[in-house]
Structures are given as C-alpha cells and as structure tokens.
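Coming up is one lone chain in structure tokens, specifically the form predicted on its own.
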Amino acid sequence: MDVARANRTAVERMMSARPMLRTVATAGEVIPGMHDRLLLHAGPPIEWERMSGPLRGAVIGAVLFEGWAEDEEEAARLAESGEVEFAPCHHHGAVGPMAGVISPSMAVYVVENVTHGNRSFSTLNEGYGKVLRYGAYSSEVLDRLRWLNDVMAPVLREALSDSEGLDIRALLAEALHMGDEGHNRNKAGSLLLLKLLAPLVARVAPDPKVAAAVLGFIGENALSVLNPVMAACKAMADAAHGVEGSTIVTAMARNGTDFGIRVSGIGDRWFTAPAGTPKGLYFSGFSSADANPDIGDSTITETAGIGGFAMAAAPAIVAFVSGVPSDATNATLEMYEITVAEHEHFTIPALDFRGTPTGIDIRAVVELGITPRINTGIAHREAGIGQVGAGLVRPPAEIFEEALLAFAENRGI
C-alpha cells in the first residue's frame, strides 16, 4: 500500500467513526487491563522519579481517594515504593485532561465507536478551582470526587440507560457552529450536553434535589463536555491507528515532563521529547515562572481535527489564550498545510463551512517545519495549586523527525 492511499484509509476511518456516549461505569470494571494498585496517567510512559508536580499531586490524591494511604506522606511513600503501578491512559483505551489520573474506583464515561466497534473512556470533569487533574488533593477535592462517584455517576448511568446514547460527533459538529473549538472553549458543547441530559436526569433522579444538584453542576461547568469529547476523539483516533504505511498521527499527549506522539503505521511506539511551556495569559498573581511544562491527554482533540485546528470556529477563545480574532483564523489556515483531509462532519461557518483540518501527516510537519497548534490550560508547577492560566503550545519538532526516520527504516527506505 502506498503512503497516500494508507493515509486516506486512516483518515477516512477517523472521520467515519461515530462515537456514542453509552454509559457511566467504574473504571476497574470496564477499562481493559485495569486492576487494583494501577493508576493511569496522561501522556507517554513515565516513572514517579520523573513526574512533574501536578502529576505527583494527582497521584497522591488518587491514592488517598482509593484509601490506599492515610495521609499525603504515606501516599507519596507508597507511590515511590513501586507498590503502585503507573501506565498511560492511552495504553488502556482511555484519556484524561491535564494530569489525567484514573484510579480503579473512579467513575468514567464509556464511549463506543459504533462504526468500528472500539470503546474509549474518560473520567467525569471536576469543574474549576482546585481539582485533582491539576494536582490538588485537599479534602475538598476528595469530597468532590466522592460526590461525583456516589451521586452524579449513578444518576448519569441510569439516565443514559434510558436512552440510545448521546451522539458526541453530532454534538461537536453543532458546537463548532456555535463558537466552540472543542478543547479549551466548550461553552456551547456543555450546554448542548445539559440539554440532552436534562430530561433523562429528570426522569430517573431519586428526588428533585439530586436532579437539581447534578444538572446544576453540569450547567455551571463550561468544561463538562470536555471529558466525553476527549473520549470521543480517542475513539476516532484509535480507529485510524494501525494502518500499514500510514504517516498519520493518532495520538499526541503530554505528562508534564515529556511530549509524545504515536503514528498509525509505526505501531505503539512513542516518540518523545521534553514538553514545552505554553505561552498565554496568566491569572492574577501568576506568571510564566509558575507554569509547569505542558500536560494532559487533551491534545487528542487536535489529533482528531478540532481544538487548535478549529480555532477559526471560535474567535472568542483568544480572550482566554491570548491574541486577536484573526489569530484564530490564521491558526486553522496554517493547520491545513500539515493535514491530509478536511473533516466531513466538523465544519467552520467562518470559512464557508470548510471542514476542519484533519489527519496530521508527519511528512508535511517535517517538510514544512510547521508543528501542530494546541490550545491548553496551564498548571502550576507545584502540586495542589491548580490552574494558573491558559495559552498555546506546539510539540517539539524533533519527535516528528524521529518518527519519520523510524517510518523510513521500517519500510527499508
């Protein structure tokens, strides 16, 4: 199979994937290979010794949430001892924003790609402020996680069981027409999610107070839809993985130390280099000196053709990540240079409904010297403080160069 044909096959599989949000379940019961004392994390593989502050904080919080330790010091010792196993979310069909830590008892969304049959998973979004995904693990963080698990998750599970599932591809397509880009701006998508869930929740909630609490939490959190969107994008990208001869990127992810990519035609190998620090706007009292290097699996959105690749659909995002509206349009136009297709379902009104740039080709990245644009949150480099800003970042160019060399070697070039 020639490369162009292989790439068309990979991208067609990505675009034809139809991810449906089916249910909410316990991670240990549904994520393949999940077991007791295993913690999943964002990004490529990493050991405790090399973990950044936010990732270490999230690990400590997950250990406390699971009841494996009584306090912070014991949790850190346990993580350092080797008694807790670490693995990337991506190795288990899952994704997680920022630190991305998933523990066996946590509730997760279950998304099924009904076109190709693969499934993907993500946690429930915690909202803003001090949250586990940014490395916080105070009592208020753990209490919120328990509420998500014990109150919200059962209601959503029952609500979704009373439906045929929610079509996340259709939701995303509509959200792009309403000013979202699907990564850092999800205001429209979260309201669409609320609209779809509200009648279902109203029917199954045990009482009006619980219904109000669940719907209020979803409605007040403009990132509510991000986690199922990430799982949907993972299902799309995984459908494109493993196509022999393809140079299409099927995963981009960061663990707060390294930035890694995977390529469809090169198997499960990660190509990594040090993660860069995003450039953007900082919350009052913080500056770039406080920022941790880029972190999270949320770059799966750009991998699937939204996020930074769809910024032209969301010019208002520049108020959050810096810049002017024309920067958003120019970002999308630039990404057409390194992709092989325009998405069949994700279109941009401001560009005459042109499809979003989809299918990052490592050959084009290396030839043109243009790396993908990514919208991202910025975490404080120390555990427990949380988000300090938002901005833009690009992957290191060397990982695409290394991947292209590996691809050539595999094909005897």
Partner chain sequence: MTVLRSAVRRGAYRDSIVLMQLQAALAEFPGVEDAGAVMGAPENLALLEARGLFSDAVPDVGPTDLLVVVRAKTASAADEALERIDDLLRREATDASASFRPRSLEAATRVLPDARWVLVSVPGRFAADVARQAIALDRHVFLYSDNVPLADEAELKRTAREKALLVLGPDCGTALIGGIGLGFANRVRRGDVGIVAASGTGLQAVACSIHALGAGISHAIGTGGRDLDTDVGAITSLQALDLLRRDAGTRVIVLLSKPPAPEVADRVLEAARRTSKPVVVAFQGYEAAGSGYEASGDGSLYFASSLADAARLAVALTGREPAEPATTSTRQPTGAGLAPHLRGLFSGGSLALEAVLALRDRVKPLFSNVKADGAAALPDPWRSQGHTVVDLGADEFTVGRPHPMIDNDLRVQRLRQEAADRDVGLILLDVVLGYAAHPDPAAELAPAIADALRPDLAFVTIVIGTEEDPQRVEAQIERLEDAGAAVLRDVGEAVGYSLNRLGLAGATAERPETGGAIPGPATGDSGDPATDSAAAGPTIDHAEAPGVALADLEAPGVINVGLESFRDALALQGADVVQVDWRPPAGGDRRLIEILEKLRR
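Residue numbers count along the first chain shown, from 1. Since we're looking at a predicted model, the values are computed, not measured.
What follows is about the form predicted together with its partner chain, which we do not show.
Item checked: Region of this chain that lies against its partner chain in the predicted bound form, out of 150 to 158, 326 to 334, 278 to 286, 229 to 237 [heavy atom, 4.5 Å] -> After filtering at 4.5 Å, what remains is 326 to 334.
Next item on the list: Find out whether any non-hydrogen atom of residue 258 is located within 4.5 angstroms of its partner chain in the predicted bound form, and reply yes or no.
Entry: Answer no; every heavy atom of residue 258 is more than 4.5 Å from its partner chain in the predicted bound form.
Notebook entry, point to check: Hey, in the predicted bound form, is residue 126 touching its partner chain, heavy atoms inside 4.5 Å?
Noted result: No, no contact at 4.5 Å.
Note to self: Residue-level question: is residue 366 within 4.5 Å of its partner chain in the predicted bound form, judged on heavy atoms?
What the structure shows: Yes, residue 366 is a contact residue.
Notebook entry, point to check: Are any of the heavy atoms in residue 401 no more than 4.5 Å from a heavy atom of its partner chain in the predicted bound form?
Noted result: Yes, contact at 4.5 Å.
Next item on the list: Kindly indicate whether 3, 370 and 413 are, all three, within 4.5 angstroms of its partner chain in the predicted bound form, using heavy atoms.
Entry: Spot residues vs its partner chain: full contact, yes.
Note to self: Can you work out which of 381, 354, 345, 37 has a heavy atom no more than 4.5 Å from its partner chain in the predicted bound form?
What the structure shows: Flagged contact: 354.
Margin query: Where, within 387 to 409, is there a heavy atom within 4.5 Å of its partner chain in the predicted bound form? Residue list please.
Written below: 401, 404, 405, 407, 408 sit within 4.5 Å of the partner.
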